[in-house]
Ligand SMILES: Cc1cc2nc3c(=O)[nH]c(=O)nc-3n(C[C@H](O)[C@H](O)[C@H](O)COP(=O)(O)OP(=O)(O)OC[C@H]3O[C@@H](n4cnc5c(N)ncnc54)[C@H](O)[C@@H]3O)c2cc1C
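Here you get one chain, nothing else, as structure tokens; it is the form predicted on its own.
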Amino acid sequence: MANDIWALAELTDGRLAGISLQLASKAAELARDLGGQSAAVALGTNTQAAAGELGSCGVSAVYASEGAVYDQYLGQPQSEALAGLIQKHQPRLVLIGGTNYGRDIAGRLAARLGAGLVYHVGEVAVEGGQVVMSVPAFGGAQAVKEAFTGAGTGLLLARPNAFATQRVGGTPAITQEPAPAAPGTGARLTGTAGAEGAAEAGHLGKAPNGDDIWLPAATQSKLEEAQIVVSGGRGLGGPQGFAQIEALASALGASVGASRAAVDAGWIPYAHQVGQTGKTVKPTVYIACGISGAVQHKAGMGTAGLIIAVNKDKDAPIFSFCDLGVVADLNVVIPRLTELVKQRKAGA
């Protein structure tokens, strides 16, 4: 209906991605502010359990469609089912995660429905009866506000970790929807391989400039969902510097991140990039090593619970917003910190 807000859940092998709960929480919040109803759409397997989790975030209804076809084909069944639901119920806005899955579905829906699409959204709220979205502009240096005008359903692609998960409790009304038939043609999923799990930790080879490239171990949490992130930047001096970042991350049980400068230099794969053009993280603790703290990087980690910065440049922008700043040579601080963490864990 006119003020209904929906969230598209992302299910992989019957498991909800963390962004699904973030979107459901925000959908419930926006619907309350608009005086409408909130709902989530779960397409895949194990949707009954997923519906319960989504309901705990406050959505009043879940449209669940159970079928292995969603796991077997990429994008086509999901966009067909969701387009049918949107055409039938006409929600005001559908929140979709800015993941590979979400971008694929959103693009298909926008083309199929002729719907407006706003991507890279970091904030959204109700202002004067309108849903107003904040999106970055000028490389992240500024933020602009946008809103849908006119009738029809709007599509919003949200950055992962842009919204908080709110477990407010509740039992949603579940409506079972039939899954579409397997498409006659289309991309099929034959297997999966995580970008960070594609190789063992250690030396990957040489960059074009002759520097060594190191790949951190794939033993920590997925970067976007990690509770502790240790990131390295240009101040590491080269790809070999990530060996000490990985050592600290391993000692802390953390994930490894990087600045755009380090990724552009070929020191570490793009999968580790944090920032405006990389991933958005929201850990309990974020440790930035040799990172200046430009606005583009801050856009990807500025909402971390505790931000710790190590940089020998006392004028680095990151010291203006970090919680704890260490003006020192990271090549001295990081190995010493790693040693202390190991000692503390050994004595625990």
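Definition used throughout: the rigid core is the maximal C-alpha set that superposes within 1.5 Å between two forms. The first residue of the sequence shown is number 1, and the count goes up from there. The structure displayed is predicted, hence computed values, not measured ones.
Although not depicted, the form predicted together with the named molecule is the subject of the following passage.
- For the candidate set Ala261, Met133, Ala81, Leu109, a heavy atom within 4.5 Å of the named molecule in the predicted bound form is found for exactly one residue, namely Ala261.
- Taken together, Gly293, Lys312 and Ala328 are fully in contact with the named molecule in the predicted bound form: each brings a heavy atom within 4.5 Å.
- In plain terms, the part of the chain that comes close to the named molecule in the predicted bound form, with a heavy atom within 4.5 Å, is 268 to 276 out of 83 to 91, 149 to 157, 268 to 276, 70 to 78.
- When contacts are judged by a 4.5 Å heavy atom cut-off, Ala316 counts as touching the named molecule in the predicted bound form.
- In the predicted bound form, none of the heavy atoms of Gly97 sits within 4.5 Å of a heavy atom of the named molecule.
- Although the partner is absent here, Arg234 is a contact residue: one of its heavy atoms lies within 4.5 angstroms of the named molecule in the predicted bound form.
- The closest non-hydrogen atom of His297 lies within 4.5 Å of the named molecule in the predicted bound form.
- Put the two forms on the same core and the Cα of Ala265 is off by 2 Å or more between this form and the one not shown.
- Taking the rigid core as fixed, one finds a CA shift for Met301 of 2 Å or more between this form and the one not shown.
- With the core held fixed between this form and the one not shown, Gly36 has its Cα displaced by under 2 Å.
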